[in-house]
Ligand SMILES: Cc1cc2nc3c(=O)[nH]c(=O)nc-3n(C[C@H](O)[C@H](O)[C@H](O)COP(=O)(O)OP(=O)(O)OC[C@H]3O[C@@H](n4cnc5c(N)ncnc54)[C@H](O)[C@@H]3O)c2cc1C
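Given next, in structure tokens, is a single chain: the form predicted alone.
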Amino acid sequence: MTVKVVIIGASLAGLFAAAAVAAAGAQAVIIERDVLPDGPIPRKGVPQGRQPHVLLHRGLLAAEELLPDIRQALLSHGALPLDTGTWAWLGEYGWSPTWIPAYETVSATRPLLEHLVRERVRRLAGVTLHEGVRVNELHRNARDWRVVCDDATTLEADLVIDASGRGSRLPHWLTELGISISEPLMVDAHLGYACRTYRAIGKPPIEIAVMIAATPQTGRGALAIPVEDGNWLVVTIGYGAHRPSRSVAEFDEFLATLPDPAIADLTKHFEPVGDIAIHRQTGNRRNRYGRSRTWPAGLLAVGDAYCAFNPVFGQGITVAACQALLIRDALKHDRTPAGRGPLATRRLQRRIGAAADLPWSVATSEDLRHPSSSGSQTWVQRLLGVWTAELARLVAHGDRDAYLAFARVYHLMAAPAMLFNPRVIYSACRAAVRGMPEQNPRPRALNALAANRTAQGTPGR
């Protein structure tokens, strides 16, 4: 008997889940409340869709496993392969090295990524997508689920996957089913960001992304990254009182008053395309689904519906892709968790949750350092922070082992234990005895930005 799965939400978490279901030989019906665009266009259901999005290297590998050749499809539509080891990154203790190869990411806008993933999922055998339809109710009987939609459609399913994002109504539906759930974990540093698309005037002066990190001392930062069609996304990032607005004058002033003028200088070579988009729904929120014995068979939550991160860390899409692989493997092995009862579903939901453990730790530990954050670090986080701060200083002074350890953990290619490997510990001990090596210089490519602008004149804005 073919397993029937209903997926709520056709954003990337839902699309990856559908690809996983199809790979396991099951049937998937995706219910999406938006009417989906025919091309790579921002849509209402993705309020941060005009902001930069990143697939960490682990996410790129997972997406490629679910949808072979998705990387090549992105490249053929103008996306850019970027080695994150070449980024010009100004952190709390100085510039990171730009001469140590790290991990590839493919730079594209969110609408293009979602469009290409959606078109491939539509073509998968056993996948049906219903758009412009909202799920109103969930009901559970002895055998399966009934999903009731606002167009009077009722679907029967062996498994329901909630991938409806931060606005998930799953807590409401669980309450109606008489299932008690714990309050979600919350960490909100009150971060906001504003993004504007630019087009280079002539040949872009640089080809690398530039990141000026917002630190607890400054509360302000920015990112400039090339994307498809010769465009660049420039985003300003601020915590608490520093959150940017839609004002063009304030946007330019924000860039001009950062600790380094690189991105402000870069925009002098660009012309803006469109207006400024802002986003402020950035708190970390993690539900604790699957822990209670009352958790029902055949119900899962993935992506932001389970755990939403501060988007500035670029982790959400990667986690959703990794969670989809867990669903694929479980369905291949067990056919359906519901068929083996609530315990199998709870175990799978906990494995899905475990995929978010490291990103959650990274995002919340960093956000809790900011004065604008709700809450404070635990003593374990503070102790770990002392060590990671020491490693960050090593990175700013060119230490290869510390840099690669950070890169592997951040891209989810290694466990946090990588930060304590013997080579990294040796580097820290050597620096303690001999002193830090010379600090990394400002990337040479950035030094040419202001010089080029002076030689060529400033283009009209």
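Since the model is a prediction, treat every value here as computed from it, not as a measurement. When you see a residue number, it is the position in the sequence shown, counting from 1.
One more form of this protein, predicted together with this ligand, exists but is not displayed; see below.
Student: Which residue among 304, 158, 265, 366 has a heavy atom within 4.5 angstroms of this ligand in the model of the complex?
Tutor: The residue from 304, 158, 265, 366 that makes the contact is 304.
Student: So which of 342, 111, 314, 353 reaches within 4.5 angstroms of this ligand in the model of the complex, heavy atom to heavy atom?
Tutor: Looking at 342, 111, 314, 353 one by one, just 314 meets the 4.5 Å heavy-atom criterion.
Student: Is residue 34 part of the interface with this ligand in the model of the complex - any heavy atom within 4.5 Å?
Tutor: The answer is yes: residue 34 has a heavy atom within 4.5 Å of this ligand.
Student: Even though the partner isn't displayed, in the model of the complex is residue 43 close enough to this ligand, meaning a heavy atom within 4.5 Å?
Tutor: Answer yes; at least one heavy atom of residue 43 falls within 4.5 Å of this ligand in the model of the complex.
Student: With a cut-off of 4.5 Å between heavy atoms, is residue 196 one of the residues that contacts this ligand in the model of the complex?
Tutor: Answer no; every heavy atom of residue 196 is more than 4.5 Å from this ligand in the model of the complex.
Student: Flag residue 163 as yes or no: does it have a non-hydrogen atom within 4.5 angstroms of any non-hydrogen atom of this ligand in the model of the complex?
Tutor: Yes - in the model of the complex, heavy atoms of residue 163 and this ligand come within 4.5 Å of each other.
Student: So which of 126-134, 386-394, 209-217, 240-248 is the stretch with heavy atoms within 4.5 Å of this ligand in the model of the complex?
Tutor: Going by heavy atoms within 4.5 Å, the stretch is 126-134.
Student: So which bits of 274-301 sit within 4.5 Å of this ligand in the model of the complex, heavy atoms only?
Tutor: Contacts from 274-301: 279, 281.
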